[in-house]
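Consider the single chain below, provided in structure tokens and representing the form predicted on its own.
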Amino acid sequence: MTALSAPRRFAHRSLPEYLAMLLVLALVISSLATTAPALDKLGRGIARLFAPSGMLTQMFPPDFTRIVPIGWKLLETLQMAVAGCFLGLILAIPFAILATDRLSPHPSVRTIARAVIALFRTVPDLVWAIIFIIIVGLGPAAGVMAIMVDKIGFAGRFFAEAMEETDPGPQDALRAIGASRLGLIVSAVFPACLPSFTATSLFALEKSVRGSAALGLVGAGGIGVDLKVAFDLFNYDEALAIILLMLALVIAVEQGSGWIRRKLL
């Protein structure tokens, strides 16, 4: 770079690039103006929150008198997360294989698999929970199926990207000696993707634990049911106790998955 040339970050850009930046800036400004809370309303709301009769004041001290039934609900929440995450990760593998360029049997199959993964990832898990409540009724079974579908979309994308990024050399060598598609996947693709698969699976479990608590708000089992009832009955001290126990569960799962990640990766 010569002394008179501008740094790369100040390089001249084309007119379409400037127009695109202006459009992004206009979108940001319009979004803030339309949806952001007004400062005066925000200030009054915070004042009501800390008032003597406000919700935050009524939350303290937390009420742990129902810690035993809440503990069982937390266990149910964890079981929902583990079961739904396990099923989702297992089913995400074939979807990811079909969505990979080098492994999919046909371009149309790859397109359909990618569309299904995108659909599962796009629809919120609360919507899936409502759908499965209609199918299987209220309870943790609907929550497990909602988490399963959500994890197919979440892990399927990352599994497919990991398989796309593997070195094609070993695959080509196995293909040249007549290895089957299954043999190629098991012998060359999976060993190369195992670290990425492990990291994605652990993150999926953490995400499942956090998400499973919210599924109870629509009746899909777990601690969310008790949290909703506590807020509906204005038992804010019990609601805080549930939130603190949920926080402890999430931190425990994150610490456990971090320990596993450090040992395996």
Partner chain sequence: MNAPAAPFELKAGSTIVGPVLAVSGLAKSFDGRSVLAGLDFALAPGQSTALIGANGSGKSTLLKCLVRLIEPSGGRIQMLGRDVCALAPRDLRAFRAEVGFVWQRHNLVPRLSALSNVVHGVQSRRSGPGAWFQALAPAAVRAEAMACLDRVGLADRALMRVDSLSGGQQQRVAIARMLMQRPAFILADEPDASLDPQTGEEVMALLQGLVRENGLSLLMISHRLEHTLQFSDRILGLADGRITLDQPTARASATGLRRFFDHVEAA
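None of the values given here were measured: they were computed from a predicted structure. Numbering follows the first chain given and starts at 1.
There is also a form predicted together with the partner chain; it is not shown, and the following applies to it.
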In the predicted bound form, residue 188 touching the partner chain (heavy atom, 4.5 Å): yes
Partner proximity in the predicted bound form: residue 111 to the partner chain, non-hydrogen atom cutoff 4.5 Å: no
4.5 Å heavy atom contact, residue 179 and the partner chain in the predicted bound form: yes
Contact test in the predicted bound form: residue 174 vs the partner chain, heavy atoms, 4.5 Å: yes
Answer range among 191 to 199, 80 to 88, 112 to 120, 155 to 163 for contact with the partner chain, defined in the predicted bound form as heavy atoms within 4.5 Å: 191 to 199
Proximity to the partner chain in the predicted bound form, single hit among 170, 71, 124, 94 (heavy atom within 4.5 Å): 170
Residue (of 184, 141, 103, 130) lying close to the partner chain in the predicted bound form, criterion heavy atoms within 4.5 Å: 184
Any residue of 33 to 65 that, in the predicted bound form, places a heavy atom within 4.5 Å of the partner chain: none
